[in-house]
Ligand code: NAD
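Here's a solo chain for you in structure tokens, the form predicted alone.
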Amino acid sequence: MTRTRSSSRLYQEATANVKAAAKAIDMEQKVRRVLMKPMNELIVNFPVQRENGEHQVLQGYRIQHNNVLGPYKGGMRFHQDMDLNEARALATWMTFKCALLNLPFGGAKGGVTINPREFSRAELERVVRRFTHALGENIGPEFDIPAPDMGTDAQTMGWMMDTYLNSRGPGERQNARRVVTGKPVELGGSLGREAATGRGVAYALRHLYGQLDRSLSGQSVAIQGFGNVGSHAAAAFRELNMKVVAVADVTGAIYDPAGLDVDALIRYATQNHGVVGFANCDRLSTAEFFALDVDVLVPAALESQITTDNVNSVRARTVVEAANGPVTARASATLEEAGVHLIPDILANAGGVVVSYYEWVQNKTSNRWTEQDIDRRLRDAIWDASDRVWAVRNQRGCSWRLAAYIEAAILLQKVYQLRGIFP
């Protein structure tokens, strides 16, 4: 599951979505120009001591794309391919994702260029703490609020929060816990946050099938990526009586036409760091995986997985972008022309930032909501956004992706019109 295009091309596609939406709503030129570029770009180089005693200088990024709706918000990604352009693209998507979901957040993204698998737990803690220290005042609970992303998790956020709090005065520390979201529940994290992105994927799919007057029961699904998002999506699909027939991750792809035991597979993948080797199923190549005759295909791994090179082999009737940018623009057009329903990433995978907002609110108000309350609120938020995207698509006769960006762009332009641009 390697990326098949450069990060510069990824950023070009992100801005192309902005241009298309701006053109569709005849966006004011001044607003268009603001949304085309990040407001702030930060690169930090910092030393980390490895287990062998040597020091390695690492490079980290934080791109703050736009904050007209509220504080910058976005994940921290630890990946060997992480670079400035990838962060720019991801931050741009976050701005439009938050706008689409009517969240009082702007878009940001960041991370460190490392392969976290090559670092021990103690080394990763040092990476997180030094990176947080290097960012300094460039993050904050009312300014820029990080969250987990690929290669990071709740523990990462716990270390980041602790490092930040220890740079605050005694009177500020308890009020600053909301500097990150997606942290452990014991540290002020929200119930339901870990599963939120995966469950949001399932809610977006349920809405689509409801609009099409179709049942999800018995529908076959293939999931690429079985980390936090893919595994929780699989569990949610099982609740809907869907049949998960294939799963792929960094170790390879497995297939069982009768349906995989999702709970057992999650346990196996956790213990063995991958899905390959799971009992009583067949191995597939990457090409065979994408060509499976399934009802639903869920790319939940890296960007640029379905491209012009393999899109014509896709036989799924619905594609749900659980990852960020897993289908290229040209491949998306090909799928739409073939009558495939494609639920775009800024809608499909928005569950994480929705529940991050709920966590931020709970921290701010010293509240604790139940997991059932969180899940209901998440469902309603995804369905409300889906209703609006469906309406725009039907009204304009455009693609799912363009409809989502148009809906987000309308709000962003309206806010700029009401606030004006200083001075």
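Don't overthink the numbering: it's just position in the shown sequence, from 1. On a predicted model such as this, the values are computed, not experimentally measured, just so you know.
Beyond the structure shown, there is the form predicted in complex with nicotinamide-adenine-dinucleotide (NAD), which is absent from this document and is the topic of what follows.
Of the listed positions (P148, G192, G111, G106), a single one reaches within 4.5 angstroms of nicotinamide-adenine-dinucleotide (NAD) by any non-hydrogen atom in the predicted bound form, namely P148. Only one of A323, L260, L208, L124 lies close to nicotinamide-adenine-dinucleotide (NAD) in the predicted bound form, with a heavy atom inside 4.5 Å, and it is A323. Using a 4.5 angstroms limit between non-hydrogen atoms, P71 is distant from nicotinamide-adenine-dinucleotide (NAD) in the predicted bound form.
For the chain shown alone, T307 is not a contact residue for nicotinamide-adenine-dinucleotide (NAD) in the predicted bound form, no non-hydrogen atom being within 4.5 angstroms. nicotinamide-adenine-dinucleotide (NAD) is not shown here, and in the predicted bound form it never comes within 4.5 Å of any heavy atom of R88. Looking at T197, you'd find a heavy atom of it within 4.5 angstroms of nicotinamide-adenine-dinucleotide (NAD) in the predicted bound form. This chain is displayed without nicotinamide-adenine-dinucleotide (NAD), yet in the predicted bound form the stretch 242 to 250 from 242 to 250, 310 to 318, 172 to 180, 328 to 336 comes within 4.5 Å of it by heavy atoms. Of all the residues from 16 to 37, none has a non-hydrogen atom no more than 4.5 Å from nicotinamide-adenine-dinucleotide (NAD) in the predicted bound form.
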